[in-house]
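Take a look at this one chain, the form predicted alone, written out in structure tokens.
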Amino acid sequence: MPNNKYAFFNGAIVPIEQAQVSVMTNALNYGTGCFEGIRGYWVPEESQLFVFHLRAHMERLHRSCRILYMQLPYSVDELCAITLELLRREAFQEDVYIRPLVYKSDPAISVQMNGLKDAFTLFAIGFGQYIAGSAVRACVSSWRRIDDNIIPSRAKASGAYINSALAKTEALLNGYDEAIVLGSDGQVAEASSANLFIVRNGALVTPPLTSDVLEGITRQVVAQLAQDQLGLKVVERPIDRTELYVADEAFFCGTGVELKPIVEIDRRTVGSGAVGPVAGQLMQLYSDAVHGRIPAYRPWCTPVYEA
């Protein structure tokens, strides 16, 4: 059960029981909303909770709103301040997941984005691993990825995640941990809710943003860590489905999943069938970065509590 006590709702921090919407809310009926997922990491040796790339997430939320004809009544700075104040009120001393949400709040049976009121809410919960285990088994889904001229992946639109839920559900029912979704062109896009990298011939390869993938913040972090710390070449290019089967390594990355190696795809072993050297090193680097242990990347971490 969630362990949070509060939410930011209707302009104030209120007890979570008061953060309620009507069954007639437009966003509930039509998925007319957009959101972010942000992680905070508890560092006991510093008695500090660090929020990872807080500002970058709130900037992306503003971009999603722009795409979806939504008006967010708070600036990026204000959103960051609201987040920190809520976390302080909760007094978390554990890893957390933060969910800001902008949604069409009118009780309107109307399929449109314009002319409806927008509302903002935010809550946080204690949160561990999104996918259990040290590595995952994945399958290529029969469901295709929505493309930019249908529902843009560049916006984290609430209703778009039906596409993700169908792919993930299919994977779970077939005995896998996660799904890999192809785009309308048949090329690899991403997982149900994570970006994807493969390792081939000593380079780190990921689908380009034009392959209908989310402009992942963790995706960019992983690419920078690979270049800065491991000296790896990072290549953005289309990936064929069969290239997944011959990759030296493969892994997912995202705020929720963090960095999770893939050891099997469509019942084919990836590489040696164990966590590969590149993924292993990047997992450690990512963990060190989000916990504020690498001085060069310490600015990515926003402290919640006063020193």
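Here the structure is a predicted model, which means the values were calculated and not measured. Each residue number is its position in the shown sequence, starting from 1.
What comes next is about the form predicted in complex with a small molecule, which is not displayed.
You can rule out all but one of 251-259, 276-284, 236-244, 42-50: in the model of the complex, only 251-259 has residues with a heavy atom within 4.5 Å of the small molecule. Using a 4.5 angstroms limit between non-hydrogen atoms, residue 219 touches the small molecule in the model of the complex. Under a 4.5 angstroms non-hydrogen atom cutoff, the small molecule in the model of the complex has residue 156 among its neighbouring residues.
Taking the partner from elsewhere, residue 60 is found to have a heavy atom lying within 4.5 Å of the small molecule in the model of the complex. When the small molecule is considered in the model of the complex, residue 151 lies well away from it, no heavy atom lying within 4.5 Å. Exactly one listed residue, out of 79, 124, 194, 171, brings a non-hydrogen atom to within 4.5 Å of the small molecule in the model of the complex: 194.
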